Every structure is written in structure tokens, then in C-alpha cells.
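A single chain, nothing else alongside it, follows as C-alpha cells in the form predicted alone.
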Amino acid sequence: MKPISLTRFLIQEQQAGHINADLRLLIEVVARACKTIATAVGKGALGGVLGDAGTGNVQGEAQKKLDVLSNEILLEANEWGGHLAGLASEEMDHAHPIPNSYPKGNYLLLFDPLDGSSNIDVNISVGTIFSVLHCPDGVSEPHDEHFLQAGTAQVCAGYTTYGPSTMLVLTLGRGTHAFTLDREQGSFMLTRQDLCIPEDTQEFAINLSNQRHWEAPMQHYVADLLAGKTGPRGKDFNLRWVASMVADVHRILTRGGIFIYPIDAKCRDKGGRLRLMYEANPMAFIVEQAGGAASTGRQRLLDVTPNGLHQRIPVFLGSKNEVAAAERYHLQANANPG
């Protein structure tokens, strides 16, 4: 069966009454912006886009040139279409209102324009993550606080991975689907429908170099994974770590696994390493819609009530039974402190 285009898929979803025209067009605009980013990423050094930009973002992190360029591409593409009331980006201090000269819609868009950008100079896969929310009723000019909605309120979420092929993974709340960019046609084509993450796994993704900074339950959990067949888990586990969340999560969606970025001594004062609104929530929505699970280690991630636009949080997501196992270590430690 010949794969259908993203546009046709979205039109079919609209005709079935699952989405409206504004959301369909919004997703298409984001997809077009991602194709532009893919072109810039693909040029690499030839496009003069590698290296640091000489600026920092709101988190105090050094920005890459492609961070800044990707952010500008997404802003420019989404400002004028009439589908959005406002935007928020990991790279900007505050929410970005739609200019008054443009029509406004009823959706809010949040995005991490280039996840894993520290890898771009060494030609490892990076990506874009995005999330769509409803603008609260009666709000014509949304501010930061209007974006602070729990992950369960997401209308859709997706990411694009810029690797050997460019892929867009999308959920509208009815399963998770993968589209591959046909570079000759310039269209994203549906190549995997209703992705399903295996409930059990023998792979885990974590930055093991931070082990000495972890909490005790995290130490115990990973020690048991590394103990292999002779340990309490009774099976061997493989460690896989790309240091690009998009790449690590894409692997898990494809063949299972668990991705973990726990709280540790280095990021405890910030609440965690990953951003709730730009990374954790959209990825949790995508993973849950593929039959997986997402947690903070102590509660369902999508149930967390945000307290800030750039809030950070610990993240455990992937194969359902393994996320539950990791949670047990933390909840038992809570029940038996000391």
C-alpha cells in the first residue's frame, strides 16, 4: 500500500471529526518549518551554521547557531497563519504574543527548536519537539501563566528527528504515528501507524557519568539493572545513550526501552534537568499514546501541574513495565526513609 502524505492524513482526521481545520493547518505549518530546519541541519558546515552563537538562553546555557536559527524559523512560520494566540520557546524568556497586525487563533504552541543541539557539531541526530494547547477562554493576549497547563491538556504533540532520514512523529491523542520526509517530493509520508512500545525491555538510556550524584533509590535501581541475570532483576540489560532526547526516545518508540533523566545533586535546586513544558510533557504524551508510560519517578508525568514556563522535572519514560519498576524503587524509598 502506497504511503499517504501528512496532509492527506490530517484531512482524513478532520473529515472524521477528530480535529478542526485550524489545528490541521497549524500542524502543517510546524511540519513545513521542520523541513526548513532539516535543510539547515543537513548542510552542516557548508551552511555556516555549526558552532556557538555567542549568546545564552534563559537557562544560562550557551546557544548554538542552529538553536537560534531554528527558533527564528519556527517563530516566523507560525506568527502569521491565524491559528495561534501565542507561542513559547525554550530559547526565549517569556511567551511570545502574536503581533497585532496578524490574525489570531485559539491555540498555544510550545517548542524546543533544536533538542540535542550540543551534538550538532559532531553530526549526531538532533530534533525539534513541539506541543499544542488550547488558549484559555476569554484570553486574547496570552501571557506565561496561560501556558501553564498540565500535560493532560495537550491537544497534540510531536517531534522531528533529523537523522539519516528526517522523521516526524505525531500524536493527536489517538495513537502515535510516524512520517518520513520524502526529500524528492518534499512531503512527510506516513510510514508507521499506531506505534506500540513493548511493555517489557532490556535496554535503558541514562547518563551513567552522573551516577555519583543520584538519589539512593536511583542508585539501587541502576545497580540492579547492571547486576544482570544473577541480580534481583534476573536478566541482562544493555545501556544505550545518545544524549539527544529525540534520538533516545525515537529508539524507544521503535523497539522499546526506558529513558531516564533523574533528579540529582547537580540539578536538585532547579527541580531536574529536562523542561516540563518543552520536552517532558510532549514526549510523555507521545509515549503514552504508543502504549508506554511516563513518570517523574514518583507520579504520572502528565498529571504534574506546572508552576513556571521553564520548570524542570525528572523524567522516566518508555516501556510500561520498566517505568513501573523504576517507580517502585522511588516510592519504596519514600515509604521507608533512611
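As the structure is a computational prediction, the values presented were derived from the model and not from experiment. Residues carry their position along the shown sequence, with the first being 1.
One more form of this protein, predicted in complex with a small molecule, exists but is not displayed; see below.
| task | Given that the partner is absent here, state which listed stretch (69 to 77, 254 to 262, 130 to 138, 182 to 190) has heavy atoms within 4.5 Å of the small molecule in the model of the complex. | result | Every other range fails; the passing one is 254 to 262.
| task | Just give me the single entry in Q219, Q202, N207, N106 that has a non-hydrogen atom within 4.5 angstroms of the small molecule in the model of the complex. | result | Spelling it out, the residue with a heavy atom inside the cut-off is N207.
| field | Heavy atom within 4.5 Å of the small molecule in the model of the complex - the one residue of S89, T171, S244, Q149 that qualifies | value | Here the answer is residue option S244.
| field | Touches the small molecule in the model of the complex: H310 (any heavy atom, 4.5 Å) | value | Contact check for H310: no, nothing within 4.5 Å of the small molecule in the model of the complex.
| said: Would you classify R273 as touching the small molecule in the model of the complex, given a 4.5 Å non-hydrogen atom cut-off? | reply: Yes, contact at 4.5 Å.
| message | I'd like to know whether G116 contacts the small molecule in the model of the complex, with contact meaning heavy atoms within 4.5 angstroms. | response | Contact check for G116: yes, within 4.5 Å of the small molecule in the model of the complex.
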